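A single chain, nothing else alongside it, follows as structure tokens in the form predicted on its own.
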């Protein structure tokens, strides 16, 4: 990803707005952008989701393949997550091999899902020591207007929760819904104008500083916590962020469950 030059005017503008509890697009400190979630949008995938968060648009697709379990884990399948971000989604992205930023996004999303335990890899076993399902989660960015971490994570869990294991295709039984025992949700915060804000857009990311990504489970437990870029936050700031994350994650979780129930 090309490193943009941040005009000092942008930083000054963000700081002035923060002093009045305002943001560039008119939102308050912890207000999120409008969100749209669409499931079953990729017909060649076993599970899929499209998320629009403001002008950030991403896709998630789930595929399956049969793997040989690792010798030290003969009854476990696997989960593999990758994120792809191409120049089509914004001028700051370049063609070529995966960038450090896209690799980080894939790993942060993967960690939140994996550490939540919502996918029990033992349930992916077909024949101990010989066959198991590998879940392949592909993330693709269509438009980048900031906070792709949350958009990817939301699309990922919605796609997984509606995925169908294609057992008939691989001649290992009947198709069935992928067991997903929970709905981990990510909430991301960026320090902009000297304070943390929720769901930063692209200009806020460019003119901001450090960021933090929090993945919470159904009961509000922390499953993953990832800090990015340089900088520090105080105990008071972290408490404020965590309190807001509990609210935001519950709201997004409810959206996923309502969409899943209407399927």
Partner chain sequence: MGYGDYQCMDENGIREDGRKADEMRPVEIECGVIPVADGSAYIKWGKNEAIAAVYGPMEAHPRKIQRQDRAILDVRYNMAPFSTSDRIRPGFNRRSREISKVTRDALESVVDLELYPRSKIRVEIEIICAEAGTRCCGITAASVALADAGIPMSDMVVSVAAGKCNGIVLMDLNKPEDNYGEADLPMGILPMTDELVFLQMDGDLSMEEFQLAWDYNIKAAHEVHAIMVEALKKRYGGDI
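Just so we're clear, the structure is a prediction, and the values are computed from it rather than from any experiment. Positions refer to the first chain, counted from 1.
Another form exists, predicted together with its partner chain; not displayed. Remarks below refer to it.
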Looking at its partner chain in the model of the complex, is some heavy atom of each of 41, 61 and 142 within 4.5 Å of it? yes
Answer option from 108, 136, 126, 178, heavy atom within 4.5 Å of its partner chain in the model of the complex: 136
With the partner omitted here, the residue among 211, 203, 195, 52 that in the model of the complex has a heavy atom within 4.5 Å of its partner chain is 52
4.5 Å heavy atom contact, residue 35 to its partner chain in the model of the complex: no
If you check in the model of the complex, is residue 131 within 4.5 Å of its partner chain, heavy atoms only? no
Is residue 67 close enough to its partner chain in the model of the complex to count, meaning some heavy atom within 4.5 Å? no
4.5 Å heavy atom contact, residue 173 and its partner chain in the model of the complex: no
Only one of 113 to 121, 76 to 84, 184 to 192, 155 to 163 gets a heavy atom within 4.5 Å of its partner chain in the model of the complex; which is it? 76 to 84
Do any residues of 153 to 174 have a non-hydrogen atom within 4.5 angstroms of its partner chain in the model of the complex? If so, which ones, in sequence order? 169
